[in-house]
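Okay, so here's just one chain, in structure tokens, the form predicted alone.
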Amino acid sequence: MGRFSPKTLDLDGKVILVTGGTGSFGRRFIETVLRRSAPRKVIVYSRDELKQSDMQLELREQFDEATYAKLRFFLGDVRDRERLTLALRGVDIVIHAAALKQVPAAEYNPSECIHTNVLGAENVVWASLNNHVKQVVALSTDKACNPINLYGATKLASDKTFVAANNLSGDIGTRFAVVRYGNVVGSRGSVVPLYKRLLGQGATELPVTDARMTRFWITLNQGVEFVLSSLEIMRGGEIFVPKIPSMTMPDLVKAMSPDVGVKIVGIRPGEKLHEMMISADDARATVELADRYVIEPTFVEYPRKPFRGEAGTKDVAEGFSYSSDSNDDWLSEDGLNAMLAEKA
């Protein structure tokens, strides 16, 4: 159990669907749920048949026959509202992890990113409401805060869609929330696997776009724990932001291999120098908990008890922002190595 572990969440008997379920997060989330609880069914919803086939083989080796029998693999795209609606029949909980995430690819193919990240989010909302799903948690990104690239802009639009969806649920009662966190150490979209590959090939220098660049870092297991604990405490309309450490990119290089040099290659299109997860404008709606921040919804037309004012919460300071360069939690070399040592 990790730093964000839920305390009372009970998933026994629940039907859970994960969009993008064959991705790094989806796989780890599903493995964690099957090990810790006894859901009635877990549905993997994704569009890649090869990844689904590989995942079936891997999970069949990990779990006994009774546990594996709880899994369902559903081919489909979040762009396809009818298929998604069919997949969500009888589902209690949706974890929406499907997205196009590569910043340069989104800059070059904007319509594809919009169709998946924005219209796909709308389809998840629509299908969830029509199937009376109880809870929906959507994964976001630090790039959705004050976005400068298309990927971040589409995820901001997605976040707004899920937050506003609570006002549409009426007597259906579906509740929607968002989790927003930074770079995942070791995930397929992270720079860490690239660095490992280059080091394995004998590289004497590793590429860094700018020597001043900083990033938030979280492990895959911590990301899963954070989603589960946010699912546990959500009330509808929140954006949950974890308290996680930052590191400069040159320090990341040195922590991975003290003997290699740093090659500055220049910032890529759409890339930020520092990442932000809460802006000063968001701060007016933000409350602080022990292990996370909660950006509360500002337009509420549904029954909801706010976090603000409860024991264990406090308002953030006027003008507060949560940025990777002004963070007060910095990742050490030992801390990074501990993250890298986690199960890949």
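Residue indices: 1-based, along the sequence shown. The model shown is predicted, which means the values in this text are computed figures rather than measured ones.
Absent from the display: the form predicted in complex with a small molecule. The rest refers to it.
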- [ ] From the candidate stretches 150-158, 129-137, 266-274, 245-253, select the single one in contact with the small molecule in the predicted complex, where contact means a heavy atom within 4.5 Å.
- [x] 150-158
Task: Partner proximity in the predicted complex: residue 187 to the small molecule, non-hydrogen atom cutoff 4.5 Å - done: yes
Open item on the list: Just checking whether residue 98 would be counted as a contact of the small molecule in the predicted complex - the rule being heavy atoms within 4.5 angstroms.
Closed with: yes
Task: Close approach of residue 48 to the small molecule in the predicted complex, 4.5 Å, heavy atom - done: yes
- [ ] Evaluate residue 207 for contact with the small molecule in the predicted complex, applying a 4.5 angstroms cut-off between non-hydrogen atoms, and reply yes or no.
- [x] no
Task: Among the candidates 92, 77, 122, 107, the residue which, in the predicted complex, approaches the small molecule to within 4.5 Å (heavy atoms) - done: 77
Open item on the list: Just to be sure I understand the contacts: of 141, 219, 174, 214, which is the one whose heavy atoms reach within 4.5 angstroms of the small molecule in the predicted complex?
Closed with: 141
